[in-house]
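Read the single chain below, which is given as structure tokens and is the form predicted on its own.
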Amino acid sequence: MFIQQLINGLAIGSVYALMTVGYSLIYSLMSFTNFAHGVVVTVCAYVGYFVLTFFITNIPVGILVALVSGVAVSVLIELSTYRPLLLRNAKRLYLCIAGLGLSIMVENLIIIILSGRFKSYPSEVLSLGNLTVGNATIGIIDLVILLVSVVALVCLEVYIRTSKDGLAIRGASFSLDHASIMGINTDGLMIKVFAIAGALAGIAGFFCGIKYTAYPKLGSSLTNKAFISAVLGGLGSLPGAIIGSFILGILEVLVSGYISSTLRDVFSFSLLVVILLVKPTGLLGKSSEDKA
């Protein structure tokens, strides 16, 4: 029972990590929380549903299409919603409000266009079978989710640590203004960061669709958990984001399995309150004067 719960918690935590890293990347450069991140997750969950239902029932193809869709949607959000405000030197609080407004607008548009009904992925995707390890029965789909998510996170870490753009992102995370003075194209860099965050959110949206079905409020409900993970690990810290996500995913599953599933969300948000009271910077975060 514990092994099953642990694998399930790791799978859910890895999906949280994909979303949380996107939060932290954007926060590290721009010092605000991108509440429109859930839009990317929701849209890509629907994209995955339509691709697998009406075109081809193939998980790798679905992941690839969701990834590309996530990049496109995230970059569009940056250019259409945040860039005009940044050009006017708007306060970070206004960016947060714009992201919340966009999220609400897209949710309602989805309800109007596609209805508010839940869209279940094809049974062929959901019934990949189980793997028996001793007395534990582990869903293969959970292992696939965990494996793909870990590979994506490792690829991101290698990119951040070894590439020229990764060096620019690390430098800009200390000071965007100083990075601009040193000759870094910060506008282009922000687009790249949103593209990376969108790619990870696209994969997360696809996996969320598999685990929970696709519905209009999917992104907002699950990115709330990613936000909790980001705060737990430390806003702006990529290692902290990943650690916080896995901790939250495992603890949620253990609470659901051993206490009550109705207390899952209560536990998550209670944990957020405790972290903000006891250690507002999170496990690996750093203090900042301007946080939104």
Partner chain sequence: MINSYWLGIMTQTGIYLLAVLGVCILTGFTGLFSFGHAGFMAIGGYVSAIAVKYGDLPLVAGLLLGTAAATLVGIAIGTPTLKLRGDYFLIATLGIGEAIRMILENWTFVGGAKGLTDVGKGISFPLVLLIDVVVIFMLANFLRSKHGRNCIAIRENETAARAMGINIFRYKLLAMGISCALAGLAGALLGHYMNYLQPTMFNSVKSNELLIMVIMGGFGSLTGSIISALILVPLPEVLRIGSAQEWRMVIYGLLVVLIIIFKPTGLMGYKEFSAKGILAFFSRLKKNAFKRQPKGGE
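Residue numbers count along the first chain shown, from 1. Just so we're clear, the structure is a prediction, and the values are computed from it rather than from any experiment.
We do not show the form predicted together with its partner chain, though everything after this point is about it.
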request  = Look up in the predicted bound form whether T57 has a non-hydrogen atom within 4.5 angstroms of its partner chain, and give yes or no.
outcome  = no
ask   = Any of the heavy atoms of K91 lying within 4.5 Å of its partner chain in the predicted bound form?
value = yes
inquiry  = Just checking whether G188 would be counted as a contact of its partner chain in the predicted bound form - the rule being heavy atoms within 4.5 angstroms.
reply    = no
ask   = Does K192 make contact with its partner chain in the predicted bound form, using a 4.5 Å heavy atom cut-off?
value = no
key: Non-hydrogen atom within 4.5 angstroms of its partner chain in the predicted bound form for each of Y23, Y27 and L263   = yes
request  = Scan V158, L109, I181, L87 and let me know which has any heavy atom within 4.5 Å of its partner chain in the predicted bound form.
outcome  = L109
remark   = None of V148, A98, V71, I141 but one has a heavy atom within 4.5 Å of its partner chain in the predicted bound form; the exception is A98
query = Any idea which of 150-158, 201-209, 167-175, 78-86 reaches within 4.5 Å of its partner chain in the predicted bound form, heavy atoms considered?
reply = 78-86
ask   = So which residues in 265-279, when you check its partner chain in the predicted bound form, have a heavy atom no farther than 4.5 Å from it?
value = D265, V266, F269, S270, L272, V273, L276, L277
